[in-house]
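This document opens with one chain alone, in structure tokens, the form predicted alone.
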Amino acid sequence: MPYSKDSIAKIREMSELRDTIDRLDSDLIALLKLRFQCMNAAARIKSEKSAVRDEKRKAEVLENVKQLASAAGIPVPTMAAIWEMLIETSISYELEKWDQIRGS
């Protein structure tokens, strides 16, 4: 069964709810895989290694996430902390890929 706010509201059994959470986790991993594929592309596109860490862009992404979290009614500080870790992990990953691509 596809899930939505309405379908989740109709769930009455924990086993069904846990199945839904498991499917959501699987979807989140698939989306994160796509995000990391973007990091692969960024490493390929950026000609200078110093361009990998872009504090202005990081601040923009964090601000966007805070606004999205607020609009979604989910905890803003928690989402900001998760994204901080995601961004730093993405930067580390992109730096590794940048070196791999260039044989550094």
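Throughout, we count residues from 1 along the sequence that is shown. On a predicted model such as this, the values are computed, not experimentally measured, just so you know.
Keep in mind that the form predicted in complex with a small molecule is missing from the display, and what follows is about it.
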Query raised in the report: Quick one: is residue 58 in contact with the small molecule in the predicted complex, heavy atoms, 4.5 Å cut-off?
Result: yes
Query raised in the report: At the 4.5 Å heavy atom threshold, is residue 35 in contact with the small molecule in the predicted complex?
Result: yes
Requested in this report: Would you check, heavy atoms only and a 4.5 Å threshold, whether residue 53 touches the small molecule in the predicted complex?
Outcome: yes
Report task. Classify residue 91 as contacting or not contacting the small molecule in the predicted complex by the rule of any non-hydrogen atom within 4.5 angstroms, answering yes or no. Result -> yes
